[in-house]
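Shown here is one chain on its own, the form predicted on its own, set out as structure tokens.
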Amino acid sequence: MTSVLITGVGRDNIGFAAARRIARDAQTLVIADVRPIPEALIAAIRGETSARIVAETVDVASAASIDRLLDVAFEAAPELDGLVNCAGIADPTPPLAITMDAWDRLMTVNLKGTFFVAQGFVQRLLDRGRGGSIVNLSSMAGRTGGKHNGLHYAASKAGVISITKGLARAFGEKGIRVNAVAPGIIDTVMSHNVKGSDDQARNSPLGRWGTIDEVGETIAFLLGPGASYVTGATLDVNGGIV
């Protein structure tokens, strides 16, 4: 990887961990979130590295916002060749209480947003005649149908696995790899807000919560040269639950 764009970068989430890990190898990081990224968070990501970090805002529910982010990212780092799609939301609503509006919002952010950021990124790689690597954030729920974290959330993350496979098949010959990670019970605010997470984590074969850094390492592996013959894959990071 040369330079990387990461969406969904917030304090102590998976996007943050991915950015902090990738900063050790990348020339430039473009990080984005729906909220402005504070300087303290940028400094925590940079750490002791010499990586150049460009912070932007993006609403992945908006085509115009996605296009603006991608234009800014490729202008800031013309050599950009990596994308990590971490932007997403959760909604632990029981199946019979899910409304159409809630379903549409979650699908728009988690599935449509992931696809259209990836689509725009791939198009810009093709326009420049070069390959690259994409990692999409799915979830263990996308494998299982979910339990407490919302059936619509699980469906959106299953969709991420599907578009990952489809993009990998469509653009592999162009040198563009597309993979996903499916985290399980990870120690984040989002996971702690889901009923039953602690029991699931403690009853897993490894008997504990996963960490954002463990997911970040997996993302960096898939993004980088060590996974040069890996595409269309979804790596499970769930302590053996699935």
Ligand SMILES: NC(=O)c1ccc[n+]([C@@H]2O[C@H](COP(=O)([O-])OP(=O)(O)OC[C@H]3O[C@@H](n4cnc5c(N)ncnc54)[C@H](O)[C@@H]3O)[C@@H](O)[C@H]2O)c1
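Residue numbers run from 1 along the displayed sequence. In this text, all values refer to a predicted model and were calculated from it rather than measured experimentally.
There is another form of this protein, the form predicted in complex with the ligand, and it is not shown here; the text below is about that form.
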**Prompt:** So which stretch, 133-141, 167-175, 91-99, 72-80, is the one near the ligand in the model of the complex (non-hydrogen atoms, 4.5 Å)?
**Reply:** 133-141
**Message:** Can you pick out, from Ala51, Met190, Val54, Ala44, the residue that has a heavy atom within 4.5 Å of the ligand in the model of the complex?
**Reply:** Met190
**Request:** Give a yes/no on whether Arg208 approaches the ligand to within 4.5 Å in the model of the complex, heavy atoms considered.
**Result:** no
**Request:** Considering only heavy atoms, tell me if Ile186 and the ligand come within 4.5 Å of each other in the model of the complex.
**Result:** yes
**Message:** Using a 4.5 angstroms cut-off on non-hydrogen atoms, would Ile22 count as touching the ligand in the model of the complex?
**Reply:** no
**Request:** May I ask you to check whether Leu223 falls inside a 4.5 Å heavy atom distance of the ligand in the model of the complex?
**Result:** no
**Asked** Gly10, Ile14 and Asp33: each with a heavy atom within 4.5 Å of the ligand in the model of the complex?
**Response** yes
**Message:** At 4.5 Å, heavy atom to heavy atom, what parts of 56-93 sit next to the ligand in the model of the complex? List them in sequence order, or say none.
**Reply:** Val58, Asp59, Val60, Ala61, Cys86, Ala87, Gly88, Ile89
